[in-house]
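A single chain, nothing else alongside it, follows as structure tokens in the form predicted alone.
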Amino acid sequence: MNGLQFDPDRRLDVVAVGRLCIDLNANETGRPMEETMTFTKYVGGSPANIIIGAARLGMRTGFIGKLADDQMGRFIRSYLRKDGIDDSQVCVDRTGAVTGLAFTEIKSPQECSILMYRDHVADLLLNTEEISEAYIASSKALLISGTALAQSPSREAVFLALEFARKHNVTVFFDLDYRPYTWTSAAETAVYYNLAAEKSHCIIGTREEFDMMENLYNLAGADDQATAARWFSHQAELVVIKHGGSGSIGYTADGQSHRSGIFPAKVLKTFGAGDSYASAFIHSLMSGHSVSEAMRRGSASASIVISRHSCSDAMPTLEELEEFLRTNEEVTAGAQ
């Protein structure tokens, strides 16, 4: 129905690899960070948020990552366990690395920003010796995100995970998650993003993220269909290109395209929408829904999360998502 294959005999539904960090979200909204005095602590990081969202929807989930040997690292581990996420492959750094922090500023629903502290963070010290082939082989799907490619040794660890996924027929989801401040140059970013995308079955990103990947190769200005077609010549079966408030378009390798809109929401903040979209989208695809329905459910989940204060805590349960879909109507998109 959606072109992706999942082995029903695997112990886990989806395993994520990459960033585990802390979000400190402003309690005082409608003002700049200079005037914000208090913040609330949550687990953060794109792959962490997505896997938490998937777990809330009832999926059997696991995480491969590295935590700092500090109070923040222990907080993250206890949070994963509380949501039933297998943390057996989450190791602890012993070199003095720290937990990444993200302070959020909420000036208005349309004007939000993030101040990141990412120097010497533990998650980027994940190495190849900490990637278990057997663990990846036990999952139906592997989720990677772009930030884990930003530095060695995490970069090599992700590519090894991708090779184990290919070897054992594990479906790979690549959430682009481009954060410019973690990279040294646009060229470096594009090279590694493209290499990872070649090994992925489903690629999810914004139009701007795909542009970043294409500019280096003189492909600037490509339309969505041309972008998707490029990846179908590799492993991809499904490419989703998001256009913010205009919705998103999903392309499948059989030549079809699927357009989704957005759901009206009382927006508190803009961040978290992509992670919540991805969690519900992946859950829906793996539950056998069509691409169009998976995109609709992803949009609904995004609308729920942007109306709430956090990202991870805000991820809806399956019951909450179903209730939202019953009581709200999708607005037709105008993405090009």
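None of the values given here were measured: they were computed from a predicted structure. The first residue of the shown sequence is 1; numbering continues from there.
Keep in mind that the form predicted in complex with a small molecule is not shown, yet the notes after this line are about it.
If you check the small molecule in the predicted complex, you find no heavy atom from any of Ala165, Thr171 and Lys199 within 4.5 Å. The shortest heavy atom separation between Gly65 and the small molecule in the predicted complex exceeds 4.5 Å. Interface residue remark: Ser303 is counted as part of the site for the small molecule in the predicted complex, having a heavy atom within 4.5 Å. Remark: Thr99 does not count among the residues lining the small molecule in the predicted complex, judged by a heavy atom distance of 4.5 Å or less. Of the heavy atoms in Val267, some are within 4.5 Å of the small molecule in the predicted complex.
Listed residues Arg155, Lys140, His258, His243 were compared with the small molecule in the predicted complex; His243 is the one with a heavy atom within 4.5 Å.
With the partner omitted here, the residue from Ala26, Ala273, Leu57, Leu285 that has a non-hydrogen atom within 4.5 angstroms of the small molecule in the predicted complex is Ala273. Contact with the small molecule in the predicted complex, defined as any heavy atom within 4.5 Å, is confined among 68 to 76, 247 to 255, 230 to 238, 84 to 92 to 247 to 255.
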